[in-house]
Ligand SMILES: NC(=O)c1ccc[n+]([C@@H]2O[C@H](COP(=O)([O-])OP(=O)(O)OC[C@H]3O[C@@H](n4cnc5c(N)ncnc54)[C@H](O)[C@@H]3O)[C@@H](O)[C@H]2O)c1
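The chain below stands alone, shown as structure tokens; this is the form predicted alone.
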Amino acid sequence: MKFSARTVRTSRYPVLIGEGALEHLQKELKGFWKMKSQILILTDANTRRFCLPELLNRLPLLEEATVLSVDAGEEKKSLLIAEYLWKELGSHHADRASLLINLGGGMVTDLGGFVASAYHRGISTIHLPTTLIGQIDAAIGGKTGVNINSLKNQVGTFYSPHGVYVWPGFLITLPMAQVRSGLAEVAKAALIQDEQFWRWLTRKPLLQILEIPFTEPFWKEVLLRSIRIKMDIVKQDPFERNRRKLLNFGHTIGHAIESFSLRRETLVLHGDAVAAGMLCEGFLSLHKTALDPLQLEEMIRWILPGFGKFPLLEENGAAYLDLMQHDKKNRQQEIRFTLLSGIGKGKINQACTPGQIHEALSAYDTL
């Protein structure tokens, strides 16, 4: 995928996208070394093996950086692992002028951002997202977090990184399941704000999209359009008081699916859970926000063949409802959703009863 670095500006930090992103990072790192700041790189087991060698090859300045590593997996995004990393920072004599580079997917950037935000009351951090979800969503927006009692992102901060550097070359290292997972967040971005983007994206079935080489212009368009939607929303509402809640479409039920899988110690990719959540919340949208049934059918035709289906009520519908009670968007014990009034038109703060949610899960189960 050949395209020069593009910068998407926020009020707080730059997001650089493209082949030239690492060249810009190299210039930034020279400044940190001149100040004799310590640079540390956080990886998980996968990015240490597949991404770190390429990063060091392209950025020789990082050869002297200290590498910290944790095991891969959402279950490692915990306070226990955060404490381990704080101790590691201390043992390597990291100070307030130090820089933590987070090299990985959403788990690593969430965890690393949280660790950086709290260590010495905040040290500089840079995100180098390596997954499609990380590049278009998780690393952008300044949210950090860890899971508590298998509940997603129950403890976290809003903490802006020094910058986000999106280098498409890392996508080549991904298994196809991870790329598919990322496409759920791409679809979400289109569904909540950009009908034209949705029409463009769904010209091809999802499984055909997975066959497109990352060198093709298609992926450049996916990255740029998805990131612009995310940044447009975050710029208007950085602390999720209002409009930023649009980004939660599919996530209230999706996070419940993830939390349930964490409790059972089974692997469910974030995007797979969000894809199921979007369809369930699409059924809620029929009754709560007057989504056209034909548009829901359109969503089902594109999402279901690519992601498959979870047997939600067959598993434990009551457990999913209980997990939704812990969602951060809830107010006054109401379970609140972001729903759709149409493709490209998200609506926030939609309170739904347990009965309505059960009906939506049941409708999804009959697909």
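Everything numeric here is computed off the predicted structure, so don't read it as measured data. Residue numbers here begin at 1 and follow the sequence given.
We do not show the form predicted in complex with the named molecule, though everything after this point is about it.
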| query | finding |
| --- | --- |
| Segment that reaches the named molecule in the predicted complex - one of 148-156, 81-89, 94-102, 289-297, heavy atoms within 4.5 Å | 148-156 |
| Contact test, all of 184, 278 and 320, partner the named molecule in the predicted complex, heavy atom 4.5 Å | no |
| One residue of 160, 196, 236, 173 in contact with the named molecule, assessed in the predicted complex (non-hydrogen atom, 4.5 angstroms) | 173 |
| Sole residue of 72, 229, 223, 206 within 4.5 Å of the named molecule in the predicted complex, by heavy atom | 72 |
| Residue 38: touches the named molecule in the predicted complex, heavy atom cutoff 4.5 angstroms | no |
| Heavy atom of residue 50 within 4.5 Å of the named molecule in the predicted complex | yes |
| The named molecule contact in the predicted complex: residue 138, any heavy atom under 4.5 Å | yes |
| Residue 124: touches the named molecule in the predicted complex, heavy atom cutoff 4.5 angstroms | no |
| Partner contacts in the predicted complex for 266-285 (non-hydrogen atom within 4.5 angstroms of the named molecule) | 270 |
